[in-house]
Structures are given as structure tokens and as C-alpha cells.
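A single chain comes next, written as C-alpha cells; it is the form predicted on its own.
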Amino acid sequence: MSLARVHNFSVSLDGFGTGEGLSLEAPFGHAGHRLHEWMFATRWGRSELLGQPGGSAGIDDALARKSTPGIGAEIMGAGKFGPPGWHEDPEWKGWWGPNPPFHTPTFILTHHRRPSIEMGGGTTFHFIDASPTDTLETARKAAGDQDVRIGGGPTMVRDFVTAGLVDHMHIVVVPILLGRGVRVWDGLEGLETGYDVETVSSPSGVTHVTFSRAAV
């Protein structure tokens, strides 16, 4: 069976995966881009996300690149697809322009269903109102023999982890304190007992924590 994987998911030292006050002008609320500066500084981030040359080639870049190979479908929450109220705008097609960086069937978990949207580069957005288990089953069928990436935001990641559906998780702890926003770890006491956990510190100041489902 294909794996469900989380990659490049940034959290603050106090456990927040996004800030407070999300809007069209502030996709991550008061956090701004501070949670993701490490990724935008890498060669992978500059090329794949910003369409720019340059960037670092160290451990941050090496781990960021692991997010793409072997992925056949993506699942994301409504809050990642757009700002509050995006479902009221029939022309809204996500933050990423005509060629989003997913290049796979991408399933948006939302109570506001709408027809699928075919974008450039192989991305098609599908809007689904289902449980994490049923959504993952649908995404796995679309992915074929490849894996499914659980793309966030923090509430959706927590829901999939709570349901026992995540096989591999790459969390990046960024040395900032947000104080408010949406937390990732609430209700997940003892999570580490079901995973093999490894950590790698980077000269950039972030710490990469990987959770791989422990063999039974």
C-alpha cells in the first residue's frame, strides 16, 4: 500500500503551524513567512516555489527535496487552498497561479464542494467533503502505486495523525515563538511511541524532525 507522507511542515517552538488572523493579504496570519524562510532560502525552494535561481545547497535543501519524488496525489485542507471565505468566490483557484507546484491530482477537504479545476503542469483540484480515512482512500486510487502527500494546514495534519493515517512525517521546528495561531500537537500525547524519531539540526537554525512509522 502507498504511504501517506507529510513533508516540509514548519512549526514554531511553541507548536504553532500558522499564525492568527489569516486573510488574503496574510496567508499565514501574523506569522508572515517566518515559518518558511528556511525553505525559501534553499535551491529547491527558490526554484520550485519562487521560480528564482540561487539558494543554499545544505541539509535544508536536501531534506526539502524529499517532498517530491514518489508522490502521486496531494491532500490539503480548505485553509491551505485559500483565505477565509474563498468558497464564496467562484473564480478563486488557489494561491499559486495557473501552474501550481503540486503536479498531481490534489484533493481539497472542504464542506463547500465545487466542480474540479484543471490547472497547468498536471495539477487538478478536486473538492471533497469526507472523513480523513475516506479522503485518503480516494487519493490513493488517484495516486496509483505512488504515495500521497498530506499537505496541511496544521488542523488537517493533526486530524490525519489522530486517525493513525500518517506513515512518514517531516516536521521543521523553526526557532521563533508565535504565541497564537493554530497548534499542531494538541491532543497527540505519546505520538512518538508509534514512530521512529530522528532529528537533524541545521546551520540555518531550524531542526528537522522525522517520524517514520515503527515496524510492528
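Residue indices: 1-based, along the sequence shown. For clarity, every value in this text was computed on a predicted model and none was experimentally measured.
Missing here is the form predicted together with a further copy of the same chain; even so, the following discussion is about that form.
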query: Candidate from V173, V182, A41, L63 lying within 4.5 Å of a further copy of the same chain in the predicted complex - any heavy atom; finding: V173
query: In the predicted complex, segment of 42-50, 151-159, 187-195, 65-73 with a heavy atom within 4.5 Å of a further copy of the same chain; finding: 187-195
query: Candidate site D14, H30 and V200: all three near a further copy of the same chain in the predicted complex by heavy atom within 4.5 Å; finding: yes
query: a further copy of the same chain contact in the predicted complex: T207, any heavy atom under 4.5 Å; finding: yes
query: L177, heavy atom within 4.5 angstroms of a further copy of the same chain in the predicted complex; finding: yes
